[in-house]
Every structure is written in C-alpha cells, then in structure tokens.
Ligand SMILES: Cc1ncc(COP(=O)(O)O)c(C=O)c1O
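Encoded as structure tokens, the following chain is the form predicted alone, with no partner shown.
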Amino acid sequence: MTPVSRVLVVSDDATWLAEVLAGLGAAAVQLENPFGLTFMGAAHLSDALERVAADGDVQIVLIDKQLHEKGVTQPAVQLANRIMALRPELSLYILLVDDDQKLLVEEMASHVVDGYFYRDEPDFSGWFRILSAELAEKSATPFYDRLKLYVRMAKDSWHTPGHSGGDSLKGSHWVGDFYDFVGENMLRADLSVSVPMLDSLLHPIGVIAEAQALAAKAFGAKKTYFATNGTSTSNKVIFQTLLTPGDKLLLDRNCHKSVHHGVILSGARPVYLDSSINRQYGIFGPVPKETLIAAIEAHPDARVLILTSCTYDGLRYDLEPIVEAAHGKGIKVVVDEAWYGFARFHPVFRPTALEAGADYVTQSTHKVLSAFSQASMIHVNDPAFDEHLFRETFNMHASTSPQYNLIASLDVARKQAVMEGYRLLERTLKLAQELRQKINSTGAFRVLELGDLLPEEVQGDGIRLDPTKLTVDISHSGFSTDELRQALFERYNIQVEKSTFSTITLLLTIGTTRSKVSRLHDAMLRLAKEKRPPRTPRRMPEVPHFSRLACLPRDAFYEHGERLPLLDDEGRPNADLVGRVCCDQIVPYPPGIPVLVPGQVIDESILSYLARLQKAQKAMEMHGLAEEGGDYVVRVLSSAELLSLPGRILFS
C-alpha cells in the first residue's frame, strides 16, 4: 500500500507558486513515486503553520526565500524555525534567488534546513527526485531491510540458535504448535552473531550503526544506542560509565529500582532526595524543585543527577532550570524517560529531556512506541562523552547473542515515529480527551487532572501532565481496585496498566483505537450502573523519610549479613532492627518506592511502616524481604561486618 506524503510549498508569489505546483505534480505522474508525493501550496506564514499542524501527512516543506509577510523580518527564516519548533521531524528546503540568500539562511537557520533549490533553475523532475530521495533516507530501515533480505536468502543454518530457524519445532507432535503460534518469519529471523551481514550490536559498523544514526537524528541526540535488555540495563550502563566507587550521585528516591541497582553496581555514594507524595491517591510525584536546587548547591562535587520524567503517572518536570542549575556545577544530568519516548513527535509533549539539555536519556521504546518488549534506546548528548568507556560498559551488560527481532523492531519503531508519529499522536490525544469525558460521565469514576495529582509541595514547580496517561479515581464506585481490575478483565476482557488503593491507570498509546475506547467506556458505564455502596475512604500510610546511610550501598549489599525477623514473637515490630544497617533494597509494590536501600540505617518510623504494611496488606508484594518459615526477615549487616568494611565511609 503506497503511503501519502504531502509536500507544502510556501510562497506569496501566486503565479510562481502555481507553476511550481504544476511542475512538481507533473513529475509525480511521470516518474516513479513510491512514497505517494503530492503537492499543495500556502501563501502566508499562518496558512503554512496551520497546514503543518493540521495534516500529519505533510512530510516536506519548501519555503520561498522571497516570501513577504507584513511586519515580519525574514519571514522565510522565521517560518522555518517555527515549523521546526512544531514538528522537528519534517524536512525543510529553501527556494533561493542567489548565494547571498543562502549565506543568510545558513547564518540564521542552518540547523533546520535540509537543502536548497534555486528559483531560476526550475528543474521540477530533478527537484522531485531529490525530494523522493529525502523521504527514502528518512524512512529507511537499514537493519530491518537486511534482516528480511537474509531470511529471503534461505541459508541453511549450521550455527546457533539451536532451533535452526524453527526446524527443530516444525512438525513436532509435542511443540509444533509453538512454531505455528510464533510464525516462520519470526523464527527464521532469530539469528546470531554468526551472520556478519547483520552487523554486531556489540561492535556496530554496518546496518546496526546506520539504524542507530537514523535514530539519533530522529530523537535529537548526538549518539543513540539500541538496547535489547530494556531500560533497566540501560540505566546501569550509564551509571557505570559515569561513576566510579565513591563518586557522589544525586537521585530521586522515586527512581526505578534499576537506578538503585545501578548505585550498587557502580559503587557510587548516593544522596537520596525524597519525592513528593499525594497521600490521598497513593501517588508519588516529582522531587520538589526547591529540594533539587538545594541539593545541587549543597553537593557541587556530585558527578551525576538522575531524574524520572515523566513518572509512571505522567507527571513531568520543568527540566530546563534544573538542568541549567546542575550544569552550572558541572553535574551531568541523566533522565529516565522510559514512559515518554514518543514526546519528540508532537509539540504537546515537548520539550523532551534532550531538548531541555539532559546529557543522557534512556527510553523504553517498547512501552510507548511500536518496538518489542525489552527494546530500548540510550540517547547521548554529553559533550564530554567517553565512547570507548561507554562501549566497554555496554558490552559488559549486553548479551553476546542479542535478539535480532528486537533490533529490527527498534528500527521500525523509529521509522514509524518519524513518518507518522505526529498523526498517530494527534489521534491519541483526541481519544484521550474523549475517554476522559466518557469516564467522567459515568458518575462513579473520574479521571484526575493535574491539580488533583500534584502534591502540595510541587504545586508551583511548573510540572505538567502527560495527557495520554489517565489516572482514574474509583473511590466513589463501591469497588476496590482489585475487584475493579478483576471485573474489567474477566467480564469485559480489559487489562489496565496499574492501580493504587483508590485509582487505576490507563495508558493510551499510538496503538489505541476508537473501538477500544468505546469498549472501555461501555464496561465502566455498566459497572457504574451497579451502584454499589461507597467504601470507606482510605489514605496511603505515611511513608517515612529517608534516614541515613552508614556505608556505601555496594559495600552493604555484598556482605553476607544476618537475618532478623521483621516482627517479634508477639507480632510487634522487632525492636532489634532499629539502628541496624540494611543489606537489601526493600520495595513495597505498589507503589514501588524503596523504603530501604542497601547501607541505610533502619529507624523506628521505617520499621513501623514495614510492619504495618506487612500486617495490614497481605496482598502487597514486598520486594527485598526474605521469607523464612512463612515470616518476613530482613538481611542486615552484623556488627562485625560494619566495623570491618574495607574503606567504609560513614555518613552523617
């Protein structure tokens, strides 16, 4: 199926514009046109901007340098910059009279211009070929294309993997159904580093390198790396690249657990910053800006600051002033953008972390774009980037047998985001607004807005909400979250993203359809009509503040430790744990925020909180606690281990 690719030509010279549109239109008929190029005109800045904003199929804009606009200096240059601010994935060409104009454009807007044509050389067939080649370059999937080619070559496999392109499964009486379920192409494309023409993820010099370069351009990075074992590993790679044992690190306590694992692996000395908390709904928000700026001022010797933006619930930092403050002290900024990898491709979501000045960004391409699970990207804009050290660290964590289908999915996801991401995200935004209204109309469920979600301490921090993540208050429905999730799943075939004690989270993506919205609304309307009596309101237990570190997390984690019960024989918090140093990361889920990290001193408030959760909410997962004889135990340093830690650092 041939796509539609619109080219917008902008000029207030009506006669010349008509000639250009006719000439390019004739070339489109006469020449091969695999991308479906069609041409349309606009006479003014406002017209051009409206068309670019309204039509997701616009791929290229040609701007007449002779464009005049009343009261506007250099309107062609201004239009180019404004289009790039709106849709940076578009290709821009300037139509010139002479080389003096070219020098002026390059001085004012060279970073946004992809090429030039001369007005007095109207070679429309030549222009058409160049524009078609531009789209071919943007839409290329070098790795995916090479993978398809290799599969079509039908080579006999005398190498790994052992299923040999699926031949071990095909026709089997026992597992042949797996071959049918997964599909022949998927199995034939499951290859290994024994195939040189597919390049190496650990040392890319061919089609993987080309695919990564295209991704870097698309997402606004200097360098981009594909990761096939998720953003969890990507975060660890960055930490071990930037940090050496004892280096100071500023981090949001709300960060993903992979960040805390990265602290252990790197041997860094963390400064934990408490997140804001919305206790009414059990939602953790960003670290207050005041806290961040104060931490940057108090720890100018820190090497790295890491933040999560947006959060699982869609809360976004106002990153630019934070990045500026950190860079002012020479601190590198890493942003975990796992839930926000699509943001580059629609102005509603920008600026992205890279656009705000972050040095390193990790994205779970699989979470919010069309890549397979575990497929992620690492974007680098650090001017002092040590590529050799990064590569050594990357290879330390990466498998020597990466899944080639995952790499192909990253290549394809990037192509889709560039070529139709704006249009798909525009649809997603409209569906999100529609779903908000439909859910609110049920009378029993309500989608929370930014003001509802923001904890009081971050109300003035410029935080924004990703509108594709809907947090639904169910507290007036009469359902518990467990009951609601079960009803949606078993009765209406709907699976939601996550829940707290009073909310469920719905994740809308470029794969959301109006049919899905309709089915969800119908389900929630039917459940609302059951008119269950309201349940007793609940609030999130008071989460204790971070206590202090007695030693580096790495040092505590790698000791043997001893295990003490969380509760004593009377079922009360075990007082013997107070003052002891935890060896593990203990995370109640939900909400998934570490209550204890390795090296942290256990105080009475932390002990009481864990004991209360353990006794009152048996269904809650408690990651990091060991279980012995049906009871939870905590691994802590023995007194001898704490005293004998080599090079231990005691923190006040």
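Sequential numbering from 1, following the sequence displayed. This one's a predicted model, so the numbers in the text were calculated from it and none came from an experiment.
Keep in mind that the form predicted together with the named molecule is missing from the display, and what follows is about it.
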Q: Select from the listed residues Thr224, Thr468, Thr308, Ser477 the one whose heavy atoms reach within 4.5 Å of the named molecule in the predicted complex.
A: Thr308
**Q.** Contacting member of Thr503, Asn278, Ser409, Ser364, with respect to the named molecule in the predicted complex [4.5 Å, heavy atom]
**A.** Ser364
Q | Candidate stretches 228-236, 90-98, 346-354, 460-468 - the one whose heavy atoms come within 4.5 Å of the named molecule in the predicted complex | A | 228-236
Q: Give a yes/no on whether Ala338 approaches the named molecule to within 4.5 Å in the predicted complex, heavy atoms considered.
A: yes
Q.
Although the partner isn't part of this model, could you tell me whether His256 comes within 4.5 Å of the named molecule in the predicted complex, counting any heavy atom of the residue?
A. yes
(Q) Taking the named molecule as it sits in the predicted complex, is Ser376 near enough to touch it, meaning that at least one heavy atom pair lies within 4.5 angstroms? (A) yes
